[in-house]
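Heads up, the chain below is alone and in the form predicted on its own; it's given as structure tokens.
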């Protein structure tokens, strides 16, 4: 692993890269990662892409209502996932972060169940798709209002600072979130309080259809860290290892009591903002094609192959393994059956109020409601 004496300078003009598009190691320090570590990262990258593709298929089949594709974001998310300690640190993701959730240990079946809203969904079908959450992993459930999760992340980090256990909060968001007032208020508070939080911006260049140049007068997001008294780092988000090293440095600094950091990863979403969006209306096809040539999965595979850690046989075995895993998970999730309508009344209050009881009775008079599952 990279030693603490090897540091990336904040506000460097060029984004940090450690492997180039050809898969060559170009970092200014010697490569010293464990072989299983980097092979595991590659598996996480491919697994996330296969899930993304399967969810799109399920959406076209009418089994999933909403998909926010993460294809193109996997390198940034898998890289940062390896820099924290799941179950110890807290994670505040946003709706395009399924690869991140999977990489920190969220079970694949739960991810699919949350998208399909069957009985297998731990959220019991009461949260919109692409909104992961896990108490066991300290994974804060994704909130739909953009940037609304950033202030609570700072609150958690301040609590961690007061506890003095060296725990850290990682908070992710897209570039569109940086246009919200919540985002600025949160970063200001984090800087003033020295909160142990790492803010990670996955800048894919568009807030739905609004290009970044129309969102801000700043040349990028990392520059904004100056105003809040914290270091800002630019990193090539299509380079999973670069994202790991930069995030790890920021996490170490937070753990050591040095306060917050802002990391900006330059990524790209290959698909539309969601299945309800037509991205051809606001970005040219050649731009998408150019970014696809920088794909984080292909780059990592070339890196592994160059070091003798991967080959076609390993790729075929991984493809078969992941297909079997996905097929089994989808079957199990579908077999669990649809969520009963009556479940909407469960867990709202510890003891159902008179109003809730009346509402449930009124609905039961029209529809057959199953008894609460628990």
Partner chain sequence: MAVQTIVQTVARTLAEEMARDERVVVLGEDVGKRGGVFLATEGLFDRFGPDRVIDTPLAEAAIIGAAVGMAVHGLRPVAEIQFADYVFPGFDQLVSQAAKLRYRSGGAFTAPMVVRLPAGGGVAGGHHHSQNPEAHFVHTPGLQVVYPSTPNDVKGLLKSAVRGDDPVVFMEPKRLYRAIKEEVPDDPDHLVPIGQAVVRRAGDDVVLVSYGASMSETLRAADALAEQGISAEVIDLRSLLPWDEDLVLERVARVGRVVVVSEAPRTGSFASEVAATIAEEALDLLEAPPVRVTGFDTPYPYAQDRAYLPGPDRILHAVQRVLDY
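Predicted, not measured: the structure shown is a model, and the values here were computed from it. Definition used throughout: the rigid core is the maximal C-alpha set that superposes within 1.5 Å between two forms. Positions refer to the first chain, counted from 1.
Here the subject shifts to the form predicted in complex with its partner chain, a form of this protein not shown in this document.
The candidate spot formed by 65, 214 and 343 is fully in contact with its partner chain in the predicted complex: every one of the three has a heavy atom within 4.5 Å. 125 is the sole member of 125, 107, 298, 86 with a non-hydrogen atom within 4.5 Å of its partner chain in the predicted complex. Not displayed here, its partner chain is approached by residue 277 to within 4.5 Å at the level of heavy atoms in the predicted complex. The closest heavy atom approach of residue 281 to its partner chain in the predicted complex falls within 4.5 Å.
In the predicted complex, none of the heavy atoms of residue 288 sits within 4.5 Å of a heavy atom of its partner chain. Remark: residue 208 counts among the residues lining its partner chain in the predicted complex, judged by a heavy atom distance of 4.5 Å or less.
Partner contacts here mean any heavy atom within 4.5 Å of its partner chain in the predicted complex, and among 73-81, 197-205, 239-247, 214-222 they occur only in 214-222. Residues of 344-361 placing a heavy atom within 4.5 Å of its partner chain in the predicted complex, in sequence order: 344, 345, 348, 355, 356, 359. Annotation for residue 364: C-alpha shift of 2 angstroms or more between the shown form and the other one, rigid core superposed.
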